[in-house]
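Shown here is one chain on its own, the form predicted alone, set out as structure tokens.
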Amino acid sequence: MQQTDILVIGSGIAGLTYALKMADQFPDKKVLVMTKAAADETNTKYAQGGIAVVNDWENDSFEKHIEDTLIAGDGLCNEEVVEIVVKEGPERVNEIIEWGARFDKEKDGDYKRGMEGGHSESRILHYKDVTGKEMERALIDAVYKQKNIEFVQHCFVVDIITQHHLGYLVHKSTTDVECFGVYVLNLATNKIEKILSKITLLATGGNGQVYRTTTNPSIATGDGVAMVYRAKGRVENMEFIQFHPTALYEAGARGQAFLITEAVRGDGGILRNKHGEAFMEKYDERKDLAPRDIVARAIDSEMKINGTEHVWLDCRHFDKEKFTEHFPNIYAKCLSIGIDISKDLIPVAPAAHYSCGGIKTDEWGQSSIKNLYACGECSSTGLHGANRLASNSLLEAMVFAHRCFLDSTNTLAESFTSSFVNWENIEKEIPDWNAGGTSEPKEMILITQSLKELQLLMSDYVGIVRNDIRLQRAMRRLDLLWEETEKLYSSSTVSPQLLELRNMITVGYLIVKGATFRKESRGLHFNTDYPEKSRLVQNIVL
């Protein structure tokens, strides 16, 4: 058992920004940051394009950025939250620069600003094509300088501890669910321990691994969303899964795909079909710079019309020196598989990229569970609506990490009480994990095959384009996978593979459930049985 003042689950930009601020504000309190892999293995690390922020006051404005975000969100953005993120963004970006993050600059010292789909102005700050990795580096360096932050790597959070574990009945209509910490599988000892904390922040990232092909790393299994749903917390808008239009296509590959950042199209890259035609003008007047939902559906349409598994991204007209300066990793990756961007077209296809829905929070990052905050991709703050505007995610993570910090500062400053436990004696009141009656699973194939089935059915039935029959089939198969996996979970000693499978099945269910409830086509959710938008604009809360 461990007890801490502040517990952070996840070490991406959201979790580390929050941890740094809390550690600085409360030097006498312990901040524990937990991650199931290495400290820097996060979705943040793989963010290529950059961060959208208004800091060119001659050409850009808050109003333009707000309008672009609202248009991309297709009617479901919380306008108050959009204004908060856009207007508080510049200060947060300045903070991470002070912590040591670098962004590319012009010769005169001004920042280089890129253009991406859905933006009306060039406002994307970037560091070559590894912006997320650079921001992650700066944050980790700053974290290791803080004496009261403890990093625990290679620990897998199993479940959120609430009064349910004390024997109280907790269900969806319970209004006073409280978080007391988490149960966690220590991969070094293979034992499940309890970590107790007055404040817990979930910054667990996305869920792209639910699909067969994704730009997300292997850790993106939707753990935070699944845990909150099991704890009877509120989750919303899970049907809005953003498929990045241009992941590098490699025949036979599955799992994490290499991302070709939207900034390449922002700099002039042209999508072409197998006949060499620039097809985007058929689908949107903004052509290759239309929002991601439109571009992904256009590519999906061209692939189906022509019977191909990919389209092409044409960068042959680029200045090679400038391309290699701005996109050195993309250039190197393409060259490693025999593609010279100055002579060859790049094969690309959509891949699962970002979850616009997640753990429902208020404007301060509070979830529906008391003392539990959520931030970053695992959360649903209201910023993205039905479709995320390119490069708004890193900005949202920093702004809401700060707002979570402000709100939890007030929580810690108050007299901390609970209706269910005595915090002075809490370590004795919270039960240890009960693993009685379980044993090692006899065959790992029971887990690995179920994972393959899950990813296949989600990709084929719940992808870019959906319909009612596909969703019904997906739900029936998910029900069977859930039944089989829960039986295995109740009888087996837990492992990271089993825990991830269980979480991904839950996330898959939430995506299908949300998609089933939404009887319209809006943003990232396109159902051929309901091709029009509904007059009733609402969030789907599960």
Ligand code: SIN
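All residue numbers are counted from 1 along the displayed sequence. Predicted model, so just to flag it, every value in this text is computed and none were measured.
We do not show the form predicted in complex with ligand SIN, though everything after this point is about it.
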Could you tell me which stretch in 56-64, 513-521, 484-492, 42-50 has residues with non-hydrogen atoms within 4.5 Å of ligand SIN in the model of the complex?
42-50
Assess the spot marked by K232, K360 and S367: is ligand SIN within 4.5 Å of a heavy atom from every one of these residues in the model of the complex?
no
Taking ligand SIN as it sits in the model of the complex, is E116 in contact with it (heavy atom to heavy atom, 4.5 Å or less)?
yes
With the cut-off set at 4.5 Å between non-hydrogen atoms, does S391 touch ligand SIN in the model of the complex?
yes
With the cut-off set at 4.5 Å between non-hydrogen atoms, does H353 touch ligand SIN in the model of the complex?
yes
Looking at the partner-bound form in the model of the complex, is H244 within 4.5 Å of ligand SIN by any heavy atom?
yes
Pick from R466, R403, R292, R92: which has a non-hydrogen atom within 4.5 Å of ligand SIN in the model of the complex?
R292
If we test each of I161, L454, L259, L313 for a heavy atom within 4.5 Å of ligand SIN in the model of the complex, the one that passes is L259
